[in-house]
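Below you'll find only one chain, the form predicted alone, shown as structure tokens.
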């Protein structure tokens, strides 16, 4: 019986590979309408794929994605607060345990890096980490929207747009600055301003990491010989890794610098 199943499995795999080979041969002579340089450039700058935003202006797809992700997070938080949190028990269920583990993870991150002042820091790193993770995974949904040129484009990860990455870096830097003001007043401001390159490094680290996955996927999908199955695997792996790694890196850096500038210096 096991031998029959194994033979059947090998036959199915062979048929799938044969179909893919036929598709590659039949479409091997086709050419892309745009050169790869134009495709990669537009994936970074969004010069051509503009979206008409509420009939007011033409904006990058990243802005629409950012508003969509913000609405999803806000709606989910509202539902949890109204319908689930009042029903929490001393013996947690699965959803309560999952939520408590997520909150506890970021709270311990804030406490370990800034034990003297961490209440606001814990709330911020949880929000930032959730936004980075959900916003990055949002790209996998592949939601298509029409552009002003009449073509359709998939909404990217919000932070794959340079404007979104810079905004996240600047907001994190302002949180660090507020910790310096609250902890050490004018001296804390000076300590924070010494690291003036911090928002730039945080922004471009986040932007480069998330954009690299999109560019690799575009590059793999562009060539017809690798445009079957492989882009799906590459996109999922890059997206999941970047979602986890970048959420951890930015929240860790924010908590670390916040603890440094807000800590009381001993004589």
Partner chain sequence: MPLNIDPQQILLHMFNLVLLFGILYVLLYKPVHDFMDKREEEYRQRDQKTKDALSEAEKLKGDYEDKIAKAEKDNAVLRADVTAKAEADREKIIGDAHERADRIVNDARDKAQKEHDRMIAQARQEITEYVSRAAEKIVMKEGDLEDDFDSFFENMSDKE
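Model, not experiment: these values are computed from the prediction. Residue numbers count along the first chain shown, from 1.
What comes next is about the form predicted together with its partner chain, which does not appear here.
Here is the short version: of 186, 83, 74, 196, the single residue with a heavy atom within 4.5 Å of its partner chain in the predicted bound form is 74.
Just one of 143, 166, 137, 181 comes within 4.5 Å of its partner chain in the predicted bound form, counting any heavy atom, and that one is 166. Looking at residue 162, you'd find a heavy atom of it within 4.5 angstroms of its partner chain in the predicted bound form.
Interface residue remark: residue 50 is counted as part of the site for its partner chain in the predicted bound form, having a heavy atom within 4.5 Å. In the predicted bound form, no heavy atom of residue 94 sits within 4.5 Å of its partner chain. Among residues of the shown chain, residue 89 is one whose heavy atoms approach its partner chain to within 4.5 Å in the predicted bound form. Three-residue candidate spot 66, 123 and 131; every residue lies within 4.5 angstroms of its partner chain in the predicted bound form by at least one non-hydrogen atom. Applying a 4.5 Å heavy atom cutoff to its partner chain in the predicted bound form picks out 158 as the lone residue from 138-158.
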